[in-house]
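Only one chain is included here, represented as structure tokens and corresponding to the form predicted alone.
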Amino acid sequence: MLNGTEDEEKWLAEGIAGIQHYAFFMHRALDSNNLREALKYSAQMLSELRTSKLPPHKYYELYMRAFDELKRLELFFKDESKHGVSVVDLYELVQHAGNILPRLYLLCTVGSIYIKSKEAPAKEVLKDLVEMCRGVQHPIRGLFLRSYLAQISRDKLPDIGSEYEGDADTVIDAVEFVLQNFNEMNKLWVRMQHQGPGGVKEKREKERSELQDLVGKNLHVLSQIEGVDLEMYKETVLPRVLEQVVNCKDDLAQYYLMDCIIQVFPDEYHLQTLETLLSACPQLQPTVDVKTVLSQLMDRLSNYAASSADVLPEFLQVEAFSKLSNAIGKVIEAQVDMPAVGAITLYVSLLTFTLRVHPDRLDYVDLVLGACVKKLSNIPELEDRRAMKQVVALLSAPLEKYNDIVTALTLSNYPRVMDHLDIGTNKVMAMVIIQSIMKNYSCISTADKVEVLFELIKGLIKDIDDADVDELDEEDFKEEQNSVARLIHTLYNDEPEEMLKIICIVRKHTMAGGPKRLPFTVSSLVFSALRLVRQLQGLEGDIVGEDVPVTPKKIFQLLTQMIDSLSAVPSPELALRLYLQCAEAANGCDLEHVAYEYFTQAFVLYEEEIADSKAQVTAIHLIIGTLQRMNVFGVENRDTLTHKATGYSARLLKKVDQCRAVYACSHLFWVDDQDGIKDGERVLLCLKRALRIANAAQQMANVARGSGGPVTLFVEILNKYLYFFEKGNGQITSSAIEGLIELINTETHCDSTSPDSISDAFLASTLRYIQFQKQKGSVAGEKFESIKL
């Protein structure tokens, strides 16, 4: 038992064999100019097309074999000298063929020659042919027959400029012929859906899809008729075609034909007949994919608008946006079962159309977003990922068009659309917004816009609906928070009062972000506030009431509250760094008590919160470095802080760390650019103390490991001696330097000292520096001359 495919192949082979068999005898008759025999065998050959066993793609193969033979037969019919019968008589003669299908194929072939002979008006022959083709009502056979009629007649239509043009109304006749053929073909095509058993619906739809181009070609022919101007298209062609589309009530046909109309007719025709075309959409079957049809229409119109600025007034004249918006509303209302993704896709297409055609009309953009909000409000929870993706596309479109988030912030419905996103997608969209700001260097410079912006990106700066921040991927979380931090740096306004408002709004939002986010956002916020402080540098004033102009004091109070919030994390190392930054800013504003308070807070953190030895080393060096740059302190406050710093330096865990911190403290007593802070004696005390600690470290290493450590610390201290010697510290003498060099040499050659190439290189480099200074001459050279190497 052969399966279906093998059966079809067998039937096709039999059909082709039959055509070849009768074609052979037909060729022999043509060669001998025997018209009677030629008609007989051609009719028998065409009878092979009467089969009902083949699917469309197989039937097409059979049809093409017959079509090739008909072309040869047509050449014979054209040459009256060969058969001696006039075309009028031939037209009558072929109608005597026994079976209707061969008869009509022969009639169409001779009809083509009849029109070409101009012995009868083209419109009369075409009308006759299209009417007689109704005799074949089998869908596949009828479609191919009418396709043959359309093929042989397309260059013989009585069109304007055609050699077959007759009186003034001939274009109408050409249009009527094509429309009638189209209507009949569509009816045959739709009828296929209702033939055969119900269980093979998918197979029938597949077969129909294979035949759709036969029907669509009629619309293409209509679009090519020169005489079909806008007026005729508007009054005759489009209404008649839409009538057939709507009345056929077949979803496959309606979708395909609407797509054909949009694709084959000119854009300017669509624009001028927009209302008529759109009015058909709500009348289509509920299962028709109207969203794709409308999307394609809007895409074509958008491209048309982009092609030339001259056509834009036409869009305003016909109120294209209003008509499209109303049509989409009606379609969504009519198709109650339309999934969310379909409705949102329509709004995305409408928004794309609006942004391309009316980029200056932000009210139109906001209307589209508002319509989408209305649709989303009727959905309890948007769970469809495809729909969510379309919402992101909807929100991204204005950003991509305007390259400016500031424009999007003026759209009242923009944040309302974002509220309908789930947590994950909300974050994705927030990242898109931030990336847009960074890419386009957008400046958000007013407090109101910053408020709207931070409402939009709230998914990144605080937990929504009690979402667990611990469930987030660590890398993703860091990337998100770093993006927020970068965003904060971009917010700026030249007006101090407005800038302070911006800082307060950002603080309000970021402080609600929870302890895990604060280390990322507080730092950016603090530096943003410090930028404002430096802008106001030198201003003073007590804070009385809310309307007092912005002062550094007011900002420093805000800064203290921000940094204090890090205690909830806790993040003492970061807080200490920020306190020191604030102290330096207070120094620039000449606010001694404020700077002192920040140093106090830094020391409290160092004492109570920072326990790790490495963190302590980093912290004490930061404190020493910052304190060294301060010039705002009086003698008492500076002494207090300096004493604290040196005390903590000497109490570090490792001797090596103690030594380096203590000699670093020497810089606290000698600052070049400040008068009065040049205490050479205390500098020397620090260096001697560092030297004692280095010596102790060497001895401890010797006891613990049986050999001393490298002499690097001694060389580092030597460099400090040389620095202060060069700066003119009278307490640092050449003899002290010589003694230290001798000590280093002794330690280096000691058996218990571990050899170290780095230390040796460091020492050699230092000694070369001394030699270099000696050779320079001048005052510096004379000074170094006293050092004997």
Partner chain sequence: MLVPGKIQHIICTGNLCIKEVQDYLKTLCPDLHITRGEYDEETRYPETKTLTIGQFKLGLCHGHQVIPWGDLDSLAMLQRQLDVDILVTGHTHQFTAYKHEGGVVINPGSATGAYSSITYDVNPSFVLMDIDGLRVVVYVYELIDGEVKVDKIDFKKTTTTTHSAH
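Please read all numbers here as calculations on a predicted model, not as lab measurements. The term rigid core refers to the maximal set of C-alpha atoms that superpose within 1.5 Å between the two forms. Positions refer to the first chain, counted from 1.
Form predicted together with its partner chain: not shown, discussed below.
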Among 578-586, 388-396, 127-135, 174-182, which stretch has residues whose heavy atoms lie within 4.5 Å of its partner chain in the predicted complex? 578-586
In the predicted complex, do Arg531, Glu716 and Ala761 all reach within 4.5 Å of its partner chain through at least one heavy atom apiece? yes
Here the chain is shown alone; which of Ile100, Leu652, Ile160, Leu622 has a heavy atom within 4.5 Å of its partner chain in the predicted complex? Leu622
Taking its partner chain in the predicted complex as the reference, which of Arg486, His220, Lys462, Lys82 has a non-hydrogen atom within 4.5 Å? Arg486
So, Thr618 and its partner chain: in the predicted complex, are they within 4.5 Å at any heavy atom pair? yes
Does Tyr60 make contact with its partner chain in the predicted complex, using a 4.5 Å heavy atom cut-off? no
Please determine whether Ser565 contacts its partner chain in the predicted complex, using a 4.5 Å cut-off between heavy atoms. no
Within a 4.5 Å heavy atom cut-off, is Ala664 in contact with its partner chain in the predicted complex? yes
Go through 593-614 residue by residue and record those having a heavy atom within 4.5 Å of its partner chain in the predicted complex; state none if no residue qualifies. Lys614
When you overlay the rigid core, is the Cα of Ser765 off by 2 Å or more between this form and the one not shown? yes
Please determine whether the C-alpha atom of His21 is displaced by 2 Å or more between this form and the one not shown following superposition on the rigid core. no
Aligning on the core only, does the CA of Arg36 end up 2 angstroms or more away between this form and the one not shown? no
